[in-house]
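To begin, one chain is listed below as structure tokens, in the form predicted alone.
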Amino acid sequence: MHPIQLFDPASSTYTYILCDEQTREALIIDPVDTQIERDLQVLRERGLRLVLTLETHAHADHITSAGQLAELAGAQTAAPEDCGIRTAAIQIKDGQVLRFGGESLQAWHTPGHTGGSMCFVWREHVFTGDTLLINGCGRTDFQSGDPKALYHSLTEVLFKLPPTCTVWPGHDYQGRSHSTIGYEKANNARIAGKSEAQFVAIMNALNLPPPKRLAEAVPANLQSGLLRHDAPAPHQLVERAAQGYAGDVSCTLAMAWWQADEAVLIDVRTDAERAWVGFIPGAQAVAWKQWPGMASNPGFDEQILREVPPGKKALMLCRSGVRSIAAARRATELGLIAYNIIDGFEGDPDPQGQRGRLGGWQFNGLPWRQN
């Protein structure tokens, strides 16, 4: 059994999809935002249900699509606990086993490229992110990088794997797809036969330019790829014009309308997303699209007209504002006064769905209260 290996030419990033052939549950490692349609198409074509998105670290050269995949496919996001990606539902610990269907993989903490970097071991395969590359390794000059830590991660952790274990790297810039632990241990130009002092000297002398997307990629990836630049401050009252619907509003203004019984909150997230991220007290669930296939919900028109009484505003919300805008436009076509809430919903996944935050408002059970 082999992983599905996918490639993003712009960043030379490899993305991997693993699946349980019996249950068709799948996970994805290091997805790229610009390739989300490709990845969803692969899932659809193979009849897979995405249950996990994994990050090897907080990337500096591309933006992850983990948050979008959580929205669109109902997947649960997971990231190394020491990477600071607090939006991830699962904060992965060293040695933690992650399961999908009847399959499982184990997370190994391998700091050096970044302080929180992890590799994932599955059967006779290891997914090394930027820790170990083919005939190379990740740089150590930013994001808590440490050449001594990387030397230990390579020689005392990864090189303890069987020599036949297949290495699947996070990047390659020369068209190579995979390697083996045995080959890298014997031939890797940066680490093979090198002492710690020699390796540290090599890494400190690289003098590489910073990644082109460093300034935008890292902040976005610390929020699972869903960093919003247009959201207002939590307590700011905002209403702005928009095309095709009544307008965009801040959460604070939306909540004021809702508490005054002037509006109805409409949660257009998928059923799967609500189930694991959290339910929003007082909001009516009217999914805009549903997995599998993310086809439009055929019952949307009937449901939205049933939930919003005449004369009341319809306040659309989702995770990041993409679906809520589309839903607001459709509701407007149906004759409703529909707004998009600018702030997305941030949930703390738990079985009861009792914690979460919408813009400047949060709840732990009921009622809503402002931060």
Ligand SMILES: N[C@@H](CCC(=O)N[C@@H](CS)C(=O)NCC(=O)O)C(=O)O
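Not measured: the values here are computed from a predicted model. Numbering starts at 1 and follows the sequence shown.
Separately, the form predicted in complex with this ligand exists; it is not shown, and the next lines address it.
Engineer: Quick one: is Lys148 in contact with this ligand in the predicted bound form, heavy atoms, 4.5 Å cut-off?
Structural biologist: No, Lys148 sits far enough from this ligand in the predicted bound form that none of its heavy atoms falls within 4.5 Å.
Engineer: Do Leu226 and this ligand come within 4.5 Å of each other in the predicted bound form, heavy atoms counted?
Structural biologist: Contact check for Leu226: no, nothing within 4.5 Å of this ligand in the predicted bound form.
Engineer: Is there a non-hydrogen atom of Gly138 within 4.5 angstroms of a non-hydrogen atom of this ligand in the predicted bound form?
Structural biologist: Because a heavy atom of Gly138 falls inside 4.5 Å of this ligand in the predicted bound form, the answer is yes.
Engineer: Taking 4.5 angstroms as the cut-off for heavy atoms, does Glu71 touch this ligand in the predicted bound form?
Structural biologist: Flag for Glu71 set to no.
Engineer: I need to confirm a contact call. Of Ala189, Leu208, Ala197, Ala215, which residue comes within 4.5 Å of this ligand in the predicted bound form, counting heavy atoms only?
Structural biologist: Filtering the options by heavy-atom distance leaves Leu208.
Engineer: Note which of Lys185, His109, Lys289, His171 lies within 4.5 Å of this ligand in the predicted bound form, where distance is taken over heavy atoms; exactly one does.
Structural biologist: None of the other options qualify; the answer is His171.
Engineer: Three residues, Asp61, Asp130 and Leu133; all within 4.5 Å of this ligand in the predicted bound form via heavy atoms?
Structural biologist: Heavy-atom distance to this ligand in the predicted bound form: all three under 4.5 Å.
Engineer: Looking at 100-108, 250-258, 78-86, 171-179, which one sits within 4.5 Å of this ligand in the predicted bound form if you count heavy atoms only?
Structural biologist: Heavy-atom contact with the partner occurs in 171-179.
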